[in-house]
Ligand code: 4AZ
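For reference, the chain that follows is the form predicted on its own, supplied as C-alpha cells.
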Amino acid sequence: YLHGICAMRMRLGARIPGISGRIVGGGDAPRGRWPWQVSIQYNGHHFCGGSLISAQWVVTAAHCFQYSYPQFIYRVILGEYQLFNPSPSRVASSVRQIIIHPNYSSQSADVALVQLTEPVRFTDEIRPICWLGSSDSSPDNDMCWVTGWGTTDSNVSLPSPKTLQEVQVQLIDFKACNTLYNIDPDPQIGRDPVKPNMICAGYAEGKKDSCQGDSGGPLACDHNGTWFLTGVVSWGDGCGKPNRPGVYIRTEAYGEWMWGHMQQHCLSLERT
C-alpha cells in the first residue's frame, strides 16, 4: 500500500532532471529536485544522508550509526537545500528508533531504517522515493543520480552555504565492478570485495562519485517516470579514482526486511 502511494506521487509530481555538469564531479542541484533527500545530523552537524521512503521512515547506511550514541541526539532534516542557509520548507524531526540490519558487518548489509517521531506532511520539497519490491522489475535505465552534502573530493569540504550536490552516474553490476577493483587491488580491501547484495555506480575513468558525508544517501533511478531508490551510498576506495566506482547497498535485496519492519510498526499501532 505504501509502495503504491509512493509510485503514484512520483509519477504525478517528479521533476525529471537534466544532465548536470561537486559530491565529486557534479554540481549544485536545483532546489526541490530531490525531495526525498534528508540530512542526518548529530549535535547539529551533518554526517550522513538518507532517503525518505514513507511519511515516517528513512533508509540510510548502518555504518552511520557504528557508535552506540543515544537516539535522542540525532535529528533528521527534511526539505533542506543549503545546510548553512535553512530553507522555508525545512522540517527537523527527532528520531523514535534506529533499526540496523541484523546481518550488518563491514562487508555486508550496510543498511538501516530510521523512524521519525511523527509522520511528516508531504510537500513539493518533502516527498518519498519508491523502492523496489520483490515483484518489481529493476529499472532499465542504467544512468542514475547520486546526491548529497558530502565532500567534493577526499578531505575537501563542500563550501558554504553547502548546497545539495548531484551527479549522474552509470550503474555497474557487482561482477563488472569486481573486475575493476581487482586491477591493482588494495591489500586492505582484497579481491572481489563487491558482493551480490551491492551495486556500483560511476565510471572506469573515475571523476564522478559519492564521497565522505554522502553515506546513506540515495542512488536514484528513473523507471518509466517513477523514481526508485536503487542503492544506498555505502563505501568506496577513495573518491572518484579510476577503476574504483562507488559501492552502494542494492535496496532490492533488502525490500522485504524494510517492508517487514514498517508493516510491523503499523500493526503495533493498530493494536494500541
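Note that residue numbering follows the sequence shown and begins at 1. Please read these numbers as outputs of a predicted model, since none were measured by experiment.
The following text describes the form predicted in complex with ligand 4AZ, which does not appear among the structures shown.
Proximity of residue 212 to ligand 4AZ in the predicted complex falls within the 4.5 Å heavy atom cutoff.
The closest heavy atom approach of residue 233 to ligand 4AZ in the predicted complex falls within 4.5 Å. The closest heavy atom approach of residue 238 to ligand 4AZ in the predicted complex falls within 4.5 Å. Not displayed here, ligand 4AZ is kept clear of residue 217 by more than 4.5 Å at the level of heavy atoms in the predicted complex. Of the listed positions (46, 33, 223, 63), a single one reaches within 4.5 angstroms of ligand 4AZ by any non-hydrogen atom in the predicted complex, namely 63.
Heavy atoms within 4.5 Å of ligand 4AZ in the predicted complex are found in one stretch of 223-231, 239-247, 52-60, 35-43, which is 239-247.
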